[in-house]
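As C-alpha cells, one chain now follows by itself in the form predicted on its own.
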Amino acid sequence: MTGLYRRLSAVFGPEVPGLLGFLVLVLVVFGVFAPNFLTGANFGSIAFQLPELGLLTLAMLMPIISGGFNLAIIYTANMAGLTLAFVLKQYGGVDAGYWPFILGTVLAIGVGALSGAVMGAVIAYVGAHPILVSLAMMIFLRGLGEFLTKGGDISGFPAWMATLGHGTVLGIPVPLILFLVCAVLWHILLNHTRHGFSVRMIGSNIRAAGYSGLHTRRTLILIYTLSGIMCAIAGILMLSRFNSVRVGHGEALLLVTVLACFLGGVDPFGGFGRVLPVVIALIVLQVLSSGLNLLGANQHLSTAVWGLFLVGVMILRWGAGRLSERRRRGS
C-alpha cells in the first residue's frame, strides 16, 4: 500500500493519493447514509453540475500559481454571457441561427480576453496588487452589467443551444467534455510550454524571474487574458444551461474556486500547482455538495461546509509543514 502511494505521488503529485482516498471515504459515507446517492441519475447530475465550477476554477488557477488572484472571474463570465445574449437577441432571440451564435461567442470570448488583458496590463505596468486590480474590475463589470440589464435577466434563446448545456455524446454530458478538454489544454499549457514555466517562476519570485531574462510583464498580461477567456467559456456554458443570463449569477462559486485550488495543492503564495489534483478536488467538492443535498441539507449549509473545508485545509497544510520541518531538523 505504501509503495502504491509513493508511485501515485511520484507520477501525479503528492496531493492525488490523499484526495482519492478522501473521495472514496465521501462516496462510502454518503452511499450508506444518503438515499439514491450511488445511482446513475445522481452521478449524471454531478457530471452536469461540475463543469460550470470547473471552468471558473481553471480561470482562477493560473493567476494563483503566478502569485496573484482574480476576483473578477464571476462577473467576467456574466459579461461574456451577456455579450452573447445581446447578439442572439439582436438576431431574433429564439429564432436566431448558428451564425449569430458563432459571432456572439467570438465577441464574448473577446470581452473576457479584454477584461483579463486590462487587469494584467495594470498589474504588470502599474505594479498594483492583483487583488485590488481584480476587485476594481469586478466592481466595474458588475456596475456595467446592471446598467445594461437594469438588474434583470435576459432569456429566450434558440432551443438548439440546450444541446451545449444539457446534451450528451455517447452518454457523456457535453459540458463535461468541454471542461475536460479545457483542463487538458490547461495541463499542457502549464506543464509543457514556456509560458507555464514562466508562470511558476513569477509565482516563486517575480524579481528573480525578471533577472533571469523572462518577460514578466508580457507573461502577466497573458495570464490574466487566458483567465478571462476561460471565464468567457464558463459564461457561455452557464447561458446555455439555464437559458438565461444575469449579472451576479454564480456569485457563491467565487470562494469555492479558491477552495478547490487550495484543496488541490496549489500554493496560495504562488509558484506551484497542478491541474489534475485540482480536478479531483472539484469532484470531491461536487460529490460532497450532492450528498448533502440528498440528505436534505440546505444549500447554505453546503456553503458553510465548504468554508470549514477551507479552514481545515489551511490547518492541515500548516501541520504538514511543521511536521516536515521537524523531520528535516531531526535528520
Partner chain sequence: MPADAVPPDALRFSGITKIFGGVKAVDDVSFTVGAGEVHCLAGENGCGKSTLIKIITGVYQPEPGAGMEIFGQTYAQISPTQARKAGIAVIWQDLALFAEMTVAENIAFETMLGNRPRAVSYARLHRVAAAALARLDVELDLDARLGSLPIAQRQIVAIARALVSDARLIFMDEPTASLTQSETDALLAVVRTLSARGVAVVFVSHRLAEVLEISSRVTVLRDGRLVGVFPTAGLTQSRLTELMTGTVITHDVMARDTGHNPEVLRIEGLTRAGEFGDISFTLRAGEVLGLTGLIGAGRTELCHTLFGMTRPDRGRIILNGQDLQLRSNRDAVAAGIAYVSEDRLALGLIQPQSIADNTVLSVLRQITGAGGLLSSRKKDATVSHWISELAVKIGTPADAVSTLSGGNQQRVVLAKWLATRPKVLLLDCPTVGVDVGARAGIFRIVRALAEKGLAILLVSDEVPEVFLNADRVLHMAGGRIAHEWDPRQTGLPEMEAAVYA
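Being a predicted model, the structure only gives us computed values, none of them experimental. Residue numbers count along the first chain shown, from 1.
As for the form predicted together with its partner chain, it is not shown, yet the points below apply to it.
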Checklist line | Contact label in the predicted bound form: W160 to its partner chain, heavy atom within 4.5 Å | finding: no
Note to self: At 4.5 Å between heavy atoms, is Y211 in contact with its partner chain in the predicted bound form?
What the structure shows: yes
Next item on the list: Would you check, heavy atoms only and a 4.5 Å threshold, whether I188 touches its partner chain in the predicted bound form?
Entry: yes
Check: Contact between K150 and its partner chain in the predicted bound form at 4.5 Å, heavy atoms?
Finding: no
Checklist line | Answer range among 283-291, 27-35, 266-274, 66-74 for contact with its partner chain, defined in the predicted bound form as heavy atoms within 4.5 Å | finding: 266-274
Notebook entry, point to check: Just one of Q90, S244, N205, T168 has a heavy atom within 4.5 angstroms of its partner chain in the predicted bound form, so which one?
Noted result: N205
Margin query: Could you pull out the residues of 166-200 that have any heavy atom within 4.5 Å of its partner chain in the predicted bound form?
Written below: I188, H192, T193, R194, F197, S198, R200
